[in-house]
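As a starting point, one isolated chain is supplied in structure tokens, in the form predicted on its own.
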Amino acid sequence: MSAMPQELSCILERLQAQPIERGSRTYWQGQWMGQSVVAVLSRVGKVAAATTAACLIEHFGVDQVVFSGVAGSLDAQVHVGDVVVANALLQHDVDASPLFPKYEIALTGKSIFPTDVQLTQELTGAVSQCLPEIQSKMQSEGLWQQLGSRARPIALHQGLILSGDQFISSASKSEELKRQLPSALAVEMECAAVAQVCSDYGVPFAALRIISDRANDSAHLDFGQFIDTVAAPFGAHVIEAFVAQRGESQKGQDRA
């Protein structure tokens, strides 16, 4: 799953699939390196992502879900160009208090939805494998210089990602989220809702986000350019590596 058309288009370039229309979405079902997959553009926001995830599970019978996209950083150590793999997700705009604690999804007793441990480990491995390529790509396209002075390589982080139906683009809102949820590394608009749906159905879920901005009013890169040039192709390459790893693992199990 991805929320932006550019992200999905880079996936579809690598996928042999047929389009299937369902609920105003186009689902691309086919084969990728011997693995049966379904790729879909969820569109932006929690409701759009949740309905798409439910359809993937109910209609297409997927047994795991992976989301790839961009996010804004909420942590001083998480820089533009870095990658965050979620180990937990939370909807920062949920507040049914005083009936329920702030952030808790009513009648579930949950506010934080962990990602699947094994799936997350495999996705993290795929990111690590692909990190040198993203750095080289940014340097060759002249984007590295736009990040300012940085001697450090692009980093991989794991931690809490927030979701909400707001595009966080002001320093004051970013700082407010960080005060309220200090362990959060990044913020976006979809994954915590997908995690909730996957939890309801007992389907493993994992998510990665490439940091496109600082979630404030001082972004260093043009958002559209960053997605087109860096985030979309890199995300597709990571997912390709992830699928390839799973294919090799399956072959090993079959030989055993």
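Here the structure is a predicted model, which is why all the values come from computation and not from measurement. Counting begins at 1, following the sequence as shown.
In what follows, reference is made to the form predicted in complex with a small molecule, a form of this protein that is not presented.
_By the heavy atom within 4.5 Å rule, which residue out of 208, 189, 56, 198 makes contact with the small molecule in the model of the complex?_
Contact residue from the list: 189.
*Answer with yes or no whether residue 223 is in contact with the small molecule in the model of the complex, where contact means some heavy atom within 4.5 Å.*
Yes, residue 223 is a contact residue.
*Tell me, yes or no, whether residue 167 is in contact with the small molecule in the model of the complex, where a contact means a heavy atom of each within 4.5 Å.*
Yes, contact at 4.5 Å.
*According to a 4.5 angstroms non-hydrogen atom cut-off, is residue 44 in contact with the small molecule in the model of the complex?*
Judged by the heavy-atom cut-off of 4.5 Å, residue 44 is in contact with the small molecule in the model of the complex.
*Just to confirm, residue 212 within 4.5 Å of the small molecule in the model of the complex by heavy atoms?*
Looking in the model of the complex, residue contacts with the small molecule include residue 212, since a heavy atom lies within 4.5 Å.
_Which is the contacting stretch out of 83-91, 70-78, 99-107, 122-130, given heavy atoms within 4.5 Å of the small molecule in the model of the complex?_
It is the stretch 70-78.
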